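The chain below stands alone, shown as structure tokens; this is the form predicted on its own.
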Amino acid sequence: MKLFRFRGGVHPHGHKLLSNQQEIDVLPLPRRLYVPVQQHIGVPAQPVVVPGQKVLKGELIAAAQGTLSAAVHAPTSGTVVEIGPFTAPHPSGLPVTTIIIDSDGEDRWCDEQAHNTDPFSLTPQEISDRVAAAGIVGMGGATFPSALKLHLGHKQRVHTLIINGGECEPYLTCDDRLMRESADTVIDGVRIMVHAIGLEGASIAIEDNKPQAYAAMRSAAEPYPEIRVVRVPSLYPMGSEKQMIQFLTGIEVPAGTRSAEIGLLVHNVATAHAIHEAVRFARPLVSRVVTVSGGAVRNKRNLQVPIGTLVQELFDYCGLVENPARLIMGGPMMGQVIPHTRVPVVKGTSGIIALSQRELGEMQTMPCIRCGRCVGACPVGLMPLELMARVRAADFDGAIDYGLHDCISCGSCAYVCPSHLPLTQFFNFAKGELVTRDVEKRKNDYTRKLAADRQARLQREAEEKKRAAAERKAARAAAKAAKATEQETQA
């Protein structure tokens, strides 16, 4: 298979050995779980339970609202004690609607989980429906509803399916361990996706710093010649969708275009495993493997964690050697800094990283020296120093002209910057400002439309009143004329 290259990229220290030496451990069931109804890109799910209601593991507790949404299920059996605002796993620390469940300790599945189905006897639509019913989203961090992605793949005639096992972020090893320990189920999930989309095969890409995962996946895929397992170099951000596509196919996804629109579809290996569970056993996505690592963690490992578990529970189990200097959900390059440990694990949580002050180091920000390292590192060919200059000057239109919307927020530019400039934060700030500006523009446009509609309505009502008055006047004149005629006739 011919491989290509993408521009830029960096080689951050992987820190993989900290957590990938032990098998996946199972976190003891927490007493209380905090399950947000928004764990995906799109519209929040709508709660279908009420406080005081008893639920079983896998039971639907929040229904998807349209295609760009995802159902949410009970991670264990117990009682819904509250539905209300709770801290979101986001740097803002703002609250989101959350369903709080007290576990009964029995962890009993609901009855629907009892059957086994041959997925290759199902139609693509039936597979997509089961994936949607299971609430599966992209588990590499993007959290795009997987059923919609499968449907798009079938509808838009995708010709290439890529399964992303790159896991290029430092510290994260959850996909590595999943491929080592559950290669057969991952391969089965890939085969189900191939069947659902109507393809001849798929390629699974694994970075070359995961030799054991690569060997396990090659062995599991051997009976299926349509499934190719490809070794790719360890180069960040290899695990990003567009860079993975470019490396494997040589095709560069145009700005503002979904990969499915040009016949390419990328899914994560953990998503493939979740699809296997959903389609074969009707098991919804209620838990996931999470890497717990970083210099502040005592026992670094990968844990199978129920969705809705507080980060504090993971640290209680793994232990801390010092107070973390920074808490990150996901990887340190593209993950989200979280405000404290009382935030829940969600479907897109690949890791919880507790960095020590020593790992952060002394990074005093200095003026840009225009060395151009950020330009060489950018995997999408942007000029971060020029972007930053325009963002600093609040010239957001100028930043757009320099490709702000093409930035994938990978952090490569900030990583190589000798002046330690927070380039990624600048760009994310600008994107947020543009979203705010767009929302304000739509609000103003809507207000103007309402005002115009009101003016048109008032004018229409005035014209109708005028016409009605004219009609009444004409009617009175006609009646008067008729009366005069009648009097003349009588005379």
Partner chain sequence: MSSNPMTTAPLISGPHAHSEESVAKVMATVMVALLPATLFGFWAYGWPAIFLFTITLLSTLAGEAIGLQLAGKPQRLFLLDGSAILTGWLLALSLPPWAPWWVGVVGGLLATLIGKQIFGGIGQNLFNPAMLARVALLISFPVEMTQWVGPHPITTAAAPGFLDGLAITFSGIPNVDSVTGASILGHAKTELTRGIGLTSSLPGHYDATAFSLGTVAGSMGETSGVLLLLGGIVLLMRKVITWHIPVAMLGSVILLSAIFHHVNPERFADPLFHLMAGGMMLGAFFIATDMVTSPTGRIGQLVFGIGCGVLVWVIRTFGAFPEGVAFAVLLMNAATPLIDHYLRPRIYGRRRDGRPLELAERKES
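All values reported here derive from a predicted model rather than from experimental measurement. Residue numbers count along the first chain shown, from 1.
Just so it is clear, the following notes concern the form predicted together with the partner chain, a form of the same protein that is not shown.
Margin query: Can you tell me if Thr257 lies within 4.5 angstroms of the partner chain in the predicted bound form, counting non-hydrogen atoms only?
Written below: Although the partner chain is absent here, Thr257 would touch it in the predicted bound form, with heavy atoms inside 4.5 Å.
Note to self: Is Gln364 near the partner chain? Define near as a heavy atom within 4.5 Å, in the predicted bound form.
What the structure shows: Taking the distances in the predicted bound form, the answer for Gln364 is yes, it comes within 4.5 Å of the partner chain.
Check: Any of the heavy atoms of Gln65 lying within 4.5 Å of the partner chain in the predicted bound form?
Finding: Judged by the heavy-atom cut-off of 4.5 Å, Gln65 is well away from the partner chain in the predicted bound form.
Check: Looking in the predicted bound form, any heavy atom of Thr424 within 4.5 Å of the partner chain?
Finding: Yes, Thr424 sits close enough to the partner chain in the predicted bound form that at least one of its heavy atoms falls within 4.5 Å.
Notebook entry, point to check: Among Pro75, Gly165, Gly411, Gly78, which has at least one heavy atom within 4.5 Å of the partner chain in the predicted bound form?
Noted result: Going through each option in turn, the one that passes is Gly411.
Margin query: By the heavy atom within 4.5 Å rule, which residue out of Leu122, Val321, Val337, Ala133 makes contact with the partner chain in the predicted bound form?
Written below: After the contact test, the surviving option is Val337.
Next item on the list: Choose from 180-188, 378-386, 313-321, 99-107 the stretch whose residues reach within 4.5 Å of the partner chain in the predicted bound form, heavy atoms counted.
Entry: Selected stretch: 378-386.
Item checked: Sequence-ordered residues of 353-374 touching the partner chain in the predicted bound form, heavy atom within 4.5 Å -> Residues within 4.5 Å: Leu355, Leu360, Met363, Gln364, Met366, Pro367, Cys368, Ile369, Arg370, Cys371, Gly372, Arg373.
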